[in-house]
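Below you will find one chain, with nothing else, as structure tokens; this is the form predicted alone, and questions on how it binds or moves follow later.
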Amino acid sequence: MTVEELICYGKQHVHSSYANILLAETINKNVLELLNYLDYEVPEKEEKKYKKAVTAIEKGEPLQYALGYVNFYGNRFIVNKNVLIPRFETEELVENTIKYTNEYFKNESIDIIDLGCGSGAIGLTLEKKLPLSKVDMIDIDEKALSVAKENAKNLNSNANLFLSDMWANVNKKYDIIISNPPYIKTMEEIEEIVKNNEPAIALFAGIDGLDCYKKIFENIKDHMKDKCLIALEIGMTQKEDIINIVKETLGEVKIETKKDLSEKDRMIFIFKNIE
């Protein structure tokens, strides 16, 4: 079939923008250039791959899973049903963390840990953007860790990835502790496409959605260097609860909260001995 015929096929089953993106990726062309290749005969292997992806989206699979990757902070990360799809909000968490690191850890060699790394998007991005960093990345799920390791290999990373339930297998102290943990309440209503596709272990965190934050702060003092930045993504209604957890655990520390581009409370930054 030609590109034109496959575009028509795709539009019969999914939104036209999805059809075009999938086809462009399948034949390794820019989506804006497809009209220049309408008569191009797509090889049978690529045609089958495209139709399979179209069927997956038609059945309710997210575009990112159908493609098999997502672009995050300028890099391509493999994603599948074993890992959460990185969101724009998490890019904002990373961007702010890079800003604070450059401001407060100038020309210093720093140790970073990404707790619950999933696809590895956070930790691997920080490693690339902060060349003086040494990065550890942990996850409780072996399948998720396998995806992160594949992404680390593709990005020529030197990060250390290992299996751990939060601090269970961690024996170091860090300058920067970062996490986008599960924070959805067990009974909270979420989009069907998320609920039906993305791993529950990466989404839900108990009745109040705070289970993972409690685990993070339970032993966090043992893993903080004298000068330390903690960066967390949070649910939009959890700010006060998490601030209370921080104060109960760490006492008087500097705390900053930030909203995302949708003006929702989404990030908390904790500064120990950083002015």
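Numbering starts at 1 and follows the sequence shown. Small disclaimer: the values here were computed from a predicted structure and weren't measured.
We do not show the form predicted together with ligand GLN, though everything after this point is about it.
Name the stretch, out of 122-130, 176-184, 137-145, 107-115, where some heavy atom lies within 4.5 Å of ligand GLN in the model of the complex. Comparing against ligand GLN in the model of the complex, the contact stretch is 176-184.
Answer with yes or no whether Arg87 is in contact with ligand GLN in the model of the complex, where contact means some heavy atom within 4.5 Å. Answer yes; at least one heavy atom of Arg87 falls within 4.5 Å of ligand GLN in the model of the complex.
Val194: heavy atom within 4.5 Å of ligand GLN in the model of the complex? Output for Val194 is yes: heavy atoms within 4.5 Å of ligand GLN.
Quick one: is Glu47 in contact with ligand GLN in the model of the complex, heavy atoms, 4.5 Å cut-off? No.
Closest heavy atom of Leu163 to ligand GLN in the model of the complex, within 4.5 Å or not? Leu163: no contact with ligand GLN in the model of the complex.
Heavy atom within 4.5 Å of ligand GLN in the model of the complex: which of Ala159, Ala202, Val170, Val94? It is Ala202 that has a heavy atom within 4.5 Å of the partner.
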